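Before any questions on binding or motion, here is one chain by itself as structure tokens, the form predicted alone.
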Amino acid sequence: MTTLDVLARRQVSKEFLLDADFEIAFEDALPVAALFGPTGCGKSTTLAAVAGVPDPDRGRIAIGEEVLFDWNRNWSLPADRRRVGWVPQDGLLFPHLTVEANLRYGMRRRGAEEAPSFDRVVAVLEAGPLLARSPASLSGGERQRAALGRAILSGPRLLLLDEPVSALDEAARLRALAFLERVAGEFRIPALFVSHQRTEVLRLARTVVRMEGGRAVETGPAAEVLGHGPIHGSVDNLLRLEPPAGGPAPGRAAVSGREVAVAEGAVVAGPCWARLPSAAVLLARHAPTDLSARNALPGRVLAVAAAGPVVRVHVDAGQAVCADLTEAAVRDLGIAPGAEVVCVFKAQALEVLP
């Protein structure tokens, strides 16, 4: 298990002081964590401190047993020796090189450490059709894939992803999230990404550092950390769908191995995403038999957050699912962290996305 220990203090301007102190233990199975918070809270500045561009004014930063920066010891490992793959929002591809040349440039930066092969990275990112193209001809999502591939090929022990999907439209954003999830599962490279979108963080991150005003105010499991704060209307759950066990069939799919019904006529022939509004999810203590909503995903309550008339319940149902209930429903069902529940929703509420 890889750990990241950050104590970073930097006076960015007269108005803003970064004073972040947190530790992350990346899970081996899906080693993704997130820095979450509003714009201007210090997320990107924290990533830059880890990358060493620039170092903080004071503090200590370490990945595992290796110290990257220690102000007390007057020690700073040069940025190009930290084995950190930093992917900024715009990707920063070399405009005069093809995509293939950009990717192979990443390979020049790695040392003796093991790294995925060029062919494997191209296959996982489905970048073959892009190799001969110039960065100027790429869409936003394609640029991000190329930048991600270059970072992976440098042989990093940690990926730093600065709002990797924020500039993309919805279809491209969902596709990019799928690639990030695939990279994490295929290569097992710990990744720390920046986002101010709860849905994105719940989709990918296992651990979340919530930041406010330059400080890390809370660190913990994603659903627990994001269970706090104000609730503004329904949010979209993004569920990863797979074909059903018997193969593709109209109106059928699977979520974490459990078959579900999707809108009539939809055929899930391969992995894809679906949108499920939190307001469309009911919770029960047992699978209902007398409702028109027949989709039922068993899970365990991770967090309960109340704000005004709405109570948002975060459930681990193999994937993260949020449900919006009334206070009376939460009380009557005895819903609390640790409770076993069933997430119930209609097929029509599960929108398969392109």
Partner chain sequence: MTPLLLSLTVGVLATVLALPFAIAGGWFLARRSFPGKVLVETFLMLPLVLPPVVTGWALLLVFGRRGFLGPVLEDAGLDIAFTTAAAVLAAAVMGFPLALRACRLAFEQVDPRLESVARTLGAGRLRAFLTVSLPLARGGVVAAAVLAFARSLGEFGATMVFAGNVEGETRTLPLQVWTLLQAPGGFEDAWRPAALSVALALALLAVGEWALRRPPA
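Positions refer to the first chain, counted from 1. Since we're looking at a predicted model, the values are computed, not measured.
Same protein, other form: the form predicted in complex with its partner chain, not shown, and the subject of what follows.
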Under a 4.5 angstroms heavy atom criterion, identify the one residue in G270, P78, G247, G265 near its partner chain in the model of the complex. P78
So which of P277, P88, P243, G251 reaches within 4.5 angstroms of its partner chain in the model of the complex, heavy atom to heavy atom? P88
Tell me the stretch among 23-31, 324-332, 45-53, 64-72 that has any heavy atom within 4.5 angstroms of its partner chain in the model of the complex. 45-53
Three residues, G40, V217 and T219; all within 4.5 Å of its partner chain in the model of the complex via heavy atoms? no
Can you tell me if R150 lies within 4.5 angstroms of its partner chain in the model of the complex, counting non-hydrogen atoms only? yes
Report yes if any heavy atom of P95 sits within 4.5 Å of a heavy atom of its partner chain in the model of the complex; otherwise report no. yes
Although the partner isn't part of this model, could you tell me whether R133 comes within 4.5 Å of its partner chain in the model of the complex, counting any heavy atom of the residue? no
Taking heavy atoms and a 4.5 Å cut-off, does L174 contact its partner chain in the model of the complex? no
Applying a 4.5 angstroms cut-off on non-hydrogen atoms, the residues of 25-46 near its partner chain in the model of the complex are none
